[in-house]
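First, one chain by itself: the form predicted alone, in structure tokens.
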């Protein structure tokens, strides 16, 4: 039963159909998310449908007993089918090509006698040369039977079994990744570190080391709130020492001990503004010098070498103008257009106030020079997708083996050719016999090409 092709088709179809369902249904998430998705298809019946799917194990399908059973049956089918058929194929592949008996030669003739206007010795040389041109490099001669024979691609017969093996590697890699790996999310505030992540089911998974976010930065397209790029400065701490630093961006993750940190998202935290560091670059007209000032919200901070000080009185992560009232307003809860309202003091006397916008240099000008809002540090979270998949190398190996196996199975063939030569009245007559296990049309074209070159 397990060597049946019909069983393979049925099991593979079941795996495919259930995998489609498992792709549509989000795995290991809150019930509300899947009920909402099912509501678009089943309407008011969505809660009942969800309950049925949950009972069947579709909410954590790839760990369910029945899905793993399907994989096991499919793998067993591949293994047993291969064991059942491989010995005969291996015998054909290992057995070297030999001269044929007259009766077998006649049954394999694919071209009748071709007359070559040359002596036997010259014709034999031309035949060997011609066979080399169509891919038969190792040509043998049997003087007793007068046959010249060769073969190529004998091990291409094993291509299907290499493909079978590749599928087993991919299945094993997927199962290993599911049971011994993890997939979770880690929100990190600038300046903080974590040694565990939250899995999709809400469980905390220890990493065995810590990762710290030293800084997060996002840049936007001109005159747009569309992010152009965003990156995180990450530091890996293992055994109380910094072992790795990397700036990560989308599609450029950090990897350490098999754990991969992907830049996935970001968000702003209003709760941390009171403790944030406002990094300002101040240029003074009086002495033509620039200096960096680290200020806090509602904290008086001296500007070096100017006799002035400043205080950040207010902050907005995304400041804009209300079209109806013409008043300034905060239009988003993201750092799309951050701005600080700065008051300048000379001694205890307030001498100037203005909004300074990070993305708009025209707002940096002041009566005393300029003030650039470089960064607001400590208010942004970087959202990291964290994965560990110890089976990924088995999957990669399986993919390479599959490519090789499919190429051998579809584009290569085991071709054998025999030629019988005999001389008559100054000419040599050549009879061609041959066989191929597939791609017969291409094989015939090669033979035609060989005969034309032989006649020429």
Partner chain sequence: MDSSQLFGIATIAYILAMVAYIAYLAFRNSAVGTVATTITIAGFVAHTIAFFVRTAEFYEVGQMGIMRAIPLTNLYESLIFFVWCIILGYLIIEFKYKTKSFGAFITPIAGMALAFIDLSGIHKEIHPLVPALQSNWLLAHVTMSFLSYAAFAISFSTALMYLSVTTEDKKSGPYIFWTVTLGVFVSILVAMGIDLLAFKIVATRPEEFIKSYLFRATFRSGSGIIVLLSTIGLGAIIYAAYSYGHLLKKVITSFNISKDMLDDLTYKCIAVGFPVFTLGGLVFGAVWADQAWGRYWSWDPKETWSLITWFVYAFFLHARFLRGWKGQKIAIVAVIGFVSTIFTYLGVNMLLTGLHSYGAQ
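Positions refer to the first chain, counted from 1. Note that this is a predicted model, so its numbers are computed, not measured.
Not on display, but discussed next: the form predicted together with the partner chain.
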Exercise. Quick one: of 26, 55, 36, 45, which gets a non-hydrogen atom within 4.5 angstroms of the partner chain in the predicted complex?
Worked result: 26
Problem set entry | Contact residue in the predicted complex, from 144, 327, 348, 251 (heavy atom within 4.5 Å of the partner chain) | 251
For this session: Pick the stretch from 270-278, 256-264, 364-372, 301-309 whose residues have a heavy atom within 4.5 Å of the partner chain in the predicted complex.
Result: 256-264
Exercise. Looking in the predicted complex, any heavy atom of residue 378 within 4.5 Å of the partner chain?
Worked result: no
For this session: Tell me, yes or no, whether residue 130 is in contact with the partner chain in the predicted complex, where a contact means a heavy atom of each within 4.5 Å.
Result: no
Exercise. Does any heavy atom of residue 41 come within 4.5 Å of a heavy atom of the partner chain in the predicted complex?
Worked result: no
For this session: Please run the contact check for residue 19 against the partner chain in the predicted complex: heavy atoms, 4.5 angstroms, yes or no?
Result: yes
For this session: Within 4.5 Å of the partner chain in the predicted complex, which residues of 433-454 have a heavy atom? Give them in sequence order, or say none.
Result: 441, 442, 445
